[in-house]
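The chain below stands alone, shown as structure tokens; this is the form predicted on its own.
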């Protein structure tokens, strides 16, 4: 069974279902258990907190959007079909559309757009990489199954590898993943606010340029040089990072430093990168928006042509500057609570059956969770595989696609 609760979309979980309650019995992680084992509650559509029919709630949402001067559709925590319909709603209502967590993977997008990069896939890393360098990614709290499935899998395409896989974790060692029998993970402690300095020193070391410094970002030059030698000796080193876990404004510099090392290595050997991110439907949102508009989110349909602006149309910026008058927040995954907004902003919340979501909404419409209450599909973090999500329990909760399609029909 596939799990929709992080962008790894692990498809080897075992579940048991009894009277609508789900238990993760094998290969789960904390996020999977929290998501699947969340108690199913019965909720009803509401307008200003008062229970109404679904038909009335849909009509009220459409009315708010018809009156809106600056509508904004965000969250987008849903499956591919839900996001397709959300983009259609943005077009019909002349709204801006973005994912609620887009800032977490924008840094990598900017580097890719400006410079390009060599990237690999989860399957390629699992089957071919002999050295993995994890740069600041908190696998313990966010991608718990990464080590089990990709660093130390029970099986790969190559039953007998010429040499065992090695791994390094660069960053705060309190969140470093633990070694396994199949994969030794060596740690290099590094100041998380200065990872880009570490990567710049590593690039110099790999190139054979001597540095006078004894330590860089708390790491010793001996550790940096040892890692540099291991990278040069590897057949296929892969660098793994999570843009959302890198420090603030320096995330772009860190990612750029990593990709430059990969560029250098590919002149004489094979090397690649892998960015982890796009949770809560984020990778599906970026890809679907690109298919339909040519742009990866941050898109406005308010003008005569589509307008793409990754700074002005970012969710955090629009909310911070009160640049909208109506918010449509979509979160069927259930991982992102609606953000606080100015009291004058109308709020349409489309989310799972959780009463707290409806408390401060002008219109609240409950929906089911893809991969739990209905079937669907989502795009994995490496953007190359669409994973099918099966319905796990019997549910009458509608999908995001169905609700938004009904709203579109009234605009």
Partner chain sequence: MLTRLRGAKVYDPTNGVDGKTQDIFIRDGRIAEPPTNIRAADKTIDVRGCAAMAGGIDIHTHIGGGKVNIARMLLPEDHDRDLVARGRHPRMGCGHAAPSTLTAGYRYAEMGYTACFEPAMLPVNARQAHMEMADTPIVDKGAYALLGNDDYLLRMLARKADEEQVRDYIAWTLTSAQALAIKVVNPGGINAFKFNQRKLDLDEKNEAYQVTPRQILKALAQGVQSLGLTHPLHIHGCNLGVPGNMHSTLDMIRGLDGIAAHLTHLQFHSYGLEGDRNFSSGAAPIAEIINANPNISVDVGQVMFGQTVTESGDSMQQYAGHIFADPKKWVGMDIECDAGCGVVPFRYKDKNFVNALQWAIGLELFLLVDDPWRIFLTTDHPNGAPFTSYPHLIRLLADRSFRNDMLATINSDAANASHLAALKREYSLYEIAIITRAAPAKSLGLRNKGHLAPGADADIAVYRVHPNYERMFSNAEYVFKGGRLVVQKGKVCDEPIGTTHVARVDFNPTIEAEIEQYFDRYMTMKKDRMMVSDDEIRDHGRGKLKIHRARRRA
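Residue numbers count along the first chain shown, from 1. Computed from a predicted model, the values in this text were never measured in an experiment.
The same protein also exists as the form predicted together with its partner chain; that form is not shown, yet it is the one meant from here on.
request  = Go through 361, 345, 377, 62 and name the one with a heavy atom inside 4.5 Å of its partner chain in the predicted complex.
outcome  = It is 377 that has a heavy atom within 4.5 Å of the partner.
Item checked: Proximity to its partner chain in the predicted complex, single hit among 249, 174, 155, 222 (heavy atom within 4.5 Å) -> It is 155.
TODO: Tell me whether 123, 127 and 385, taken together, all sit within 4.5 Å of its partner chain in the predicted complex, counting heavy atoms only.
DONE: Every residue of the spot touches its partner chain in the predicted complex.
(request) Give a yes or no for residue 269: in the predicted complex, does one of its heavy atoms lie within 4.5 Å of a heavy atom belonging to its partner chain? (result) Residue 269: contacts its partner chain in the predicted complex.
*asked:* residue 389 versus its partner chain, in the predicted complex: is there a non-hydrogen atom within 4.5 Å?
replied: Taking the distances in the predicted complex, the answer for residue 389 is yes, it comes within 4.5 Å of its partner chain.
* Asked: Is the gap between residue 286 and its partner chain in the predicted complex 4.5 Å or less for some heavy atom pair?
  -> Residue-level check for residue 286: yes, a contact with its partner chain.
| task | Classify residue 192 as contacting or not contacting its partner chain in the predicted complex by the rule of any non-hydrogen atom within 4.5 angstroms, answering yes or no. | result | Judged by the heavy-atom cut-off of 4.5 Å, residue 192 is well away from its partner chain in the predicted complex.
ask   = Among 213 to 221, 82 to 90, 200 to 208, 181 to 189, which stretch has residues with heavy atoms no more than 4.5 Å from its partner chain in the predicted complex?
value = Only one stretch passes the 4.5 Å heavy-atom test: 82 to 90.
Heavy atom within 4.5 Å of its partner chain in the predicted complex - qualifying residues of 287 to 308 = 287, 290, 291, 292, 293, 294, 295, 296, 301, 303, 304, 305, 306, 308, in sequence order.
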